[in-house]
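Form predicted on its own, single chain, as structure tokens, below.
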């Protein structure tokens, strides 16, 4: 059974992933308003694409290794989606097609933002629950 440390790490990781998605959405908005050109946008965002996917995959594997089955199963669909994108080699942003695919990229970022936001609060709840249960065991 995973302890409070697992969910503390998860809260921090979810916060980092959450801020990454906010950064992506801000950058896409800047592109729409013509504050940034497509080449600069793709260069900035592409350096965060794989680390975001790897961080979420590592977090999901930690849930598997610690026996947190429900939390693991909640994260599996997004990991599978990310793996599918990497296998199809369409995980990086292309400056020549960014305007054509911008609405899809924004939709994906908003979905991930919502997922990471819900995950953040779920991990926070589980961390507090684990800390309370650990405190009750010490008092006995």
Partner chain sequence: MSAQPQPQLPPGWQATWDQNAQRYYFVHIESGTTQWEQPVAVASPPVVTSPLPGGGPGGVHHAARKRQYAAGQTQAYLGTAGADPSMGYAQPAPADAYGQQAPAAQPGGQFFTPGLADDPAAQAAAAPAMQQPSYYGGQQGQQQPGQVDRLANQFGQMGMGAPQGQKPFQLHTVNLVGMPIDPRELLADPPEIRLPPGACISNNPMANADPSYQRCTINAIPSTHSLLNKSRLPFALILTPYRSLKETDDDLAPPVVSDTIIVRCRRCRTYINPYVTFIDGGNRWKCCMCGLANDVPQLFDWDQQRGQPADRWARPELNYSTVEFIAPSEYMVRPPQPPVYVFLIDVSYAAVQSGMVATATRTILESLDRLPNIDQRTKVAVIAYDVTLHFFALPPGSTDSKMLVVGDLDDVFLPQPSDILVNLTESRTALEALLGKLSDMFQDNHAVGSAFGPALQAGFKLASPTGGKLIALSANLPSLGPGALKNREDPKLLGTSQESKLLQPQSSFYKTFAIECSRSQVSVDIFLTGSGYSDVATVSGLPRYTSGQTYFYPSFNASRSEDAMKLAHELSTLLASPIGLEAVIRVRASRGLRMSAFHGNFFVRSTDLLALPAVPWDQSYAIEMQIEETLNQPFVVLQTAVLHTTSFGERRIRVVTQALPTTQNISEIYSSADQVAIATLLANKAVERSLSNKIEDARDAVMNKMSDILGAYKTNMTAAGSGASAQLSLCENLKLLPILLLGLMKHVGLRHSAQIPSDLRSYAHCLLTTLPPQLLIPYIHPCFYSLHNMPPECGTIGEHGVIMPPPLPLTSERLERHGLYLIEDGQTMFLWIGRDAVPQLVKDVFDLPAYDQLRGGKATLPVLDNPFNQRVNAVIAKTREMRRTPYWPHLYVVKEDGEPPLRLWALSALIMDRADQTPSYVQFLTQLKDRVNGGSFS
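Numbering follows the first chain given and starts at 1. Because the structure is predicted, anything quoted here is derived from the model rather than measured.
Unshown form predicted in complex with the partner chain; subsequent notes refer to it.
In the model of the complex, at least one heavy atom of residue 95 sits within 4.5 Å of the partner chain. At a distance threshold of 4.5 angstroms between non-hydrogen atoms, residue 70 is out of contact with the partner chain in the model of the complex. In the model of the complex, the partner chain lies farther than 4.5 Å from every heavy atom of residue 101. The closest heavy atom approach of residue 40 to the partner chain in the model of the complex falls within 4.5 Å.
The stretch that touches the partner chain in the model of the complex, counting heavy atoms within 4.5 Å, is 26-34, out of 26-34, 49-57, 62-70, 77-85.
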